[in-house]
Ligand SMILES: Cc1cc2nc3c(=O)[nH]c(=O)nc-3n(C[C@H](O)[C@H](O)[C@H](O)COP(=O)(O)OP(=O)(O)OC[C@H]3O[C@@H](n4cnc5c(N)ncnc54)[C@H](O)[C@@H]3O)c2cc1C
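This document opens with one chain alone, in structure tokens, the form predicted alone.
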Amino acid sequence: MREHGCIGCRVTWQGASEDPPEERDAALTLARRIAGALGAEVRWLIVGQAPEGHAAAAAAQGVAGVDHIADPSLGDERPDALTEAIAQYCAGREVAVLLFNQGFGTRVVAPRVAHRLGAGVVMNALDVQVDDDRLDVTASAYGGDTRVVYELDRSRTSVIALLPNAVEAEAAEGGAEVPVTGIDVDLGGVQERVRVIEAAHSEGPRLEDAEVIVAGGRGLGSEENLELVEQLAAALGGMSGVSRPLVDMGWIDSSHQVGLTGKFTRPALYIAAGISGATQHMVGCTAAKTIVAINTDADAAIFSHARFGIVGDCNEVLAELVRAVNESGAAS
């Protein structure tokens, strides 16, 4: 059994982990809970350029220390170098848990690090509980349709990737200044096996940052009715989104998809039109302050997540909402 002097560690790097502050603090909150149950300390490993506000965040979250591998070249486009840097950091340290925020880059790096360390690994994690000789990791499975609990042996390092919106951030007591320690690694022999010819980029506002989102699902019935979603979103000054089936049917590109395999959002208002409320979709929008559901099925799962619900044809309701919002705007 690993001694209680072990380290509960959370990892971030620029690119994959340019996390919204809420997601960053949520991961640090979970790391603090795990460390408390293990009798350990939380250290935050920053690889590459340090994110803005890291010192204040570390103090607010009760982090014992920040370890910084200050190589600005490290990022999503260098997964082999990231893996090597993190593996070198862990070598010679008693790392009990290596906790990542899950994103595209994490999906590539975390399993590689686990292999290098001979560690157990769980992706899509929602929560972690500490038992006498194991960690019980609750994770999303089968595309978000169900949950599963994995048991990880505490005698080995555990690598866990936390889904966005899975844990609510909580500030720690105290908030003393946190020391930052520079960490040296040797990446001279690392050659990337995949070379990025042209990095993907997007222009304009991001769905993840929208304060208002109107999302449409299979209940719209036809591609033409997606225009009603876009009209209401525009009238409310927000953005339009969709559930995965609409992307799979080719109605719209994946940049508008909300859910486990799409975007994770936290708007002030989320209007779900013709969306059943499957777990894989709700993972991407449960952090919304207010959810409004429109569905013909009064027993649809979406209503259990919604603050306000309308049982009816989503196309008829959307058309009326567009008219009402436009008339209200014209009157004012």
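Note that residue numbering begins at 1 and tracks the sequence as displayed. Keep in mind the model is a prediction, meaning the values are calculated, not measured. Take the two forms, find the largest set of C-alpha atoms that superpose within 1.5 Å, and that set is the rigid core.
Just so it is clear, the following notes concern the form predicted in complex with the ligand, a form of the same protein that is not shown.
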message = Can you work out which of R134, R107, R116, R218 has a heavy atom no more than 4.5 Å from the ligand in the predicted complex?
response = R218
request  = Examine D297 and determine whether its closest non-hydrogen atom to the ligand in the predicted complex is within 4.5 angstroms.
outcome  = yes
Proximity of L269 to the ligand in the predicted complex, heavy atoms at 4.5 Å = no
task = Answer with yes or no whether Q102 is in contact with the ligand in the predicted complex, where contact means some heavy atom within 4.5 Å.
result = no
ask   = Does the 4.5 Å heavy atom contact test between T286 and the ligand in the predicted complex come out positive?
value = no
Which of 123-131, 252-260, 203-211, 80-88 sits within 4.5 Å of the ligand in the predicted complex, heavy atom basis = 252-260
key: Any residue of 264-297 that, in the predicted complex, places a heavy atom within 4.5 Å of the ligand   = G274, I275, S276, G277, A278, Q280, H281, I294, N295, T296, D297
inquiry  = After superposing the rigid core, is the C-alpha displacement of M249 2 Å or more between this form and the one not shown?
reply    = yes
ask   = Rigid core fitted, then: does E52 show a CA shift of 2 angstroms or greater between this form and the one not shown?
value = no
ask   = Can we say the CA of A37 moves by at least 2 Å between this form and the one not shown when the core is superposed?
value = no
